[in-house]
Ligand code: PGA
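In the block that follows, a single chain appears as structure tokens, in the form predicted on its own.
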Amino acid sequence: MDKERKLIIAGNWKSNKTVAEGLSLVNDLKRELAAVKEVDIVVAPPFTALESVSKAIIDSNIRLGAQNLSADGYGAFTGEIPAGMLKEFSVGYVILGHSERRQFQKESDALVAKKAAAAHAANLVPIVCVGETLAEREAGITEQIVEGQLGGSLAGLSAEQVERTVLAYEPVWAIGTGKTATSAQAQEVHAFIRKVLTTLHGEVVAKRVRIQYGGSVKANNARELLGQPDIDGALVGGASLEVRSFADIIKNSI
């Protein structure tokens, strides 16, 4: 698949996989995906498995992501994990502002922006998530919601930092529900995101930012979704927990 931006497909394991289960999965993925050069492959285990998975993938084409980080550095922040601790495990990417954290941990755009700045300061690549709920889509305010989240979540970042940020459009109504935005629906919002980026940081930056789609991505819809001109990869949830389904999504995207 000929794309001007290199595809990036990340597996968000969420609160799944023991250390042993995570090692089994990445060892299988290493064998399945060893020949893949066309896609940046990322796995994001829970914090407890980062060290073991990091060691397991050290000589592979798979990169390590974390599911969150602290907006603050070292210090009296009980339960928080600062960027410097993630760097110890060779983490390269970090998922920020996922809809589940926005919903259940009440994370605001301003907090996501602070975390994104912390990620960049540590030379981590943030994967910043935006997306509307079903009620917001049905109310016809998808673009308004997404534009607001983009502006707020990227606030304070330089054009160079935005260019190094990966964005993930995840319609909340399609996450873990089995529902998927049609390729046309997804492309429409991705194109709108690039238009907003052009307004915020200019056309050159907007053309270079990679925008993933997240929302019930599976092997059988990956090719059509990732074939759209403004969709540059996928943020995969449930289908990343099993070697066959995650590997097939990646292979079907090439």
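Keep in mind it's a predicted model, so treat the numbers as computed, not measured. Start at 1 and count along the sequence shown; that's the residue number.
The protein also exists as the form predicted in complex with ligand PGA; that form is not presented, and the subsequent description refers to it.
- Using a 4.5 Å cutoff between non-hydrogen atoms, Ser70 does not count as a contact of ligand PGA in the predicted complex.
- In the predicted complex, ligand PGA lies within 4.5 Å of some heavy atom of Val217.
- Among heavy atoms of Gly151, none comes within 4.5 Å of ligand PGA in the predicted complex.
- In the predicted complex, ligand PGA lies farther than 4.5 Å from every heavy atom of Ile145.
- Across the proposed site, Lys115, Leu124 and Val162 without exception lack any heavy atom within 4.5 Å of ligand PGA in the predicted complex.
- Residue heavy atoms within 4.5 Å of ligand PGA in the predicted complex occur in exactly one stretch of 135 to 143, 153 to 161, 92 to 100, 71 to 79, and that stretch is 92 to 100.
- Residues of 216 to 254 lying near ligand PGA in the predicted complex, listed in sequence order, are Ser216, Val217, Leu235, Val236, Gly237, Gly238, the criterion being any heavy atom within 4.5 Å.
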